[in-house]
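Just one chain follows, in the form predicted alone, and it is written as structure tokens.
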Amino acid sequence: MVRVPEPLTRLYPANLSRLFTSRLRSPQLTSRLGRILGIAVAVCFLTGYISHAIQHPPAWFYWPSRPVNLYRVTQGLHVATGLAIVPLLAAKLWSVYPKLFRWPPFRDPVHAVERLSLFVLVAAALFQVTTGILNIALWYSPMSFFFTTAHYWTAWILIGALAIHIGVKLPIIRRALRAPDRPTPQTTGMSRRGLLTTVGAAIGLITVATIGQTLRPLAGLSLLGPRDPRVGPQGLPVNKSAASAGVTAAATDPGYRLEVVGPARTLRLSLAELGALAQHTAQLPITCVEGWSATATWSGVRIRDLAAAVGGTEAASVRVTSLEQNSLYRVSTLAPPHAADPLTLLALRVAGQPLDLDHGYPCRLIAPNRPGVLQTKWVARIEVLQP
């Protein structure tokens, strides 16, 4: 019989849990961290679903065009709570991880369901946090899958596993949260208050280091944010340039014509003819799903005026198509509230200057309360869809 060296016997599952002896761990601490983490996950899930539904609207979904900054708030909350989950999740896992090594792994069928849901919950949470951070950084090469689809469906898996976990643990959670505060254990290391303060400080630091992507006065502090709202052509950031979209030649072609198709007729308008139409100005933000946003002053032709010129009514939707050929976001559809909104423009200028090529020259869509990926650049065709 081969005798296992004594140091290695410490790695036996039955012995591993005895190595973690911090007296700060308790069901009360775990439940309090879990309550905050649960709120953050719920906010992140809800705001993420809103963003997904705007881009892929189910039949029952309605999204208004006002207030103009509503999506900016919901998506800002989504990214902020997603980042806040990082230290919260780390602290929550720290508070329970000795239990992961207990042996046997499960005692009965209910315990087996709880352990399985916990494994799925942790795996889904780590996947969401990791892919979300990669998306914020616009670093897609480590992901061999389509981020949007994977992030959306994994969110549902996470919520399902969380519901099962809470259901199984609810008696313990309720008992722990109702119990009077336990005296702080006398330890030589960090106190319970110090632990919670550290988690709170980490959340605050991450928020300050990223919120500058939206709030220009804090842009200099945005060390973790990959976008500076002050930097880019005409003072606006760009996610996708004309060169990377492969539209430079088509967008700068002197023979460019915008095709406007409606129930009464079809128009083919040159850039000069578009500029001769009634021009309007709107101050609207570009709000990207990655978390950055920036406000600019846009000028151009109202979409509803173009729709009316080809026989459309305010009950119509409007489909906008880009010169870009190989993009999942080549086409976007304006629902009636957005198509009829007087702030929705086919923008020809920004900050009083013709659009930079990377901002969508010769013309682009800008509408209130919509994600940046739906603000179609390099517009080639507008089609009025009567109900």
Partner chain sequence: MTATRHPDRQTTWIRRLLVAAGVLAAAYGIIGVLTDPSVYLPNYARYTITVLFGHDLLVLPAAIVVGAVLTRWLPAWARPVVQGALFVTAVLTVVALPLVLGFGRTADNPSALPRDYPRGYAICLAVIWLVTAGLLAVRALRRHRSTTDPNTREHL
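Numbering follows the first chain given and starts at 1. The shown structure was predicted, so the numbers you read here are calculated from the model rather than taken from an experiment.
Form predicted in complex with the partner chain: not shown, discussed below.
- Partner contacts here mean any heavy atom within 4.5 Å of the partner chain in the predicted bound form, and among 260 to 268, 273 to 281, 298 to 306, 81 to 89 they occur only in 81 to 89.
- Although the partner chain is omitted here, in the predicted bound form none of 51, 53 and 61 has a heavy atom within 4.5 Å of it.
- Scanning 176, 206, 310, 250 against the partner chain in the predicted bound form with a 4.5 Å heavy atom cut-off leaves one residue, 206.
- Taking the partner from the other structure, the partner chain in the predicted bound form has no heavy atom within 4.5 Å of any heavy atom of residue 293.
- Using a 4.5 angstroms threshold between heavy atoms, residue 106 stays clear of the partner chain in the predicted bound form.
- At a distance threshold of 4.5 angstroms between non-hydrogen atoms, residue 225 is in contact with the partner chain in the predicted bound form.
- Although the partner is absent from this view, residue 163 contacts the partner chain in the predicted bound form, with a non-hydrogen atom inside 4.5 angstroms.
- Of all the residues from 148 to 170, those having a non-hydrogen atom no more than 4.5 Å from the partner chain in the predicted bound form are 149, 150, 152, 153, 154, 156, 157, 159, 160, 161, 163, 164, 166, 167, 168, 170.
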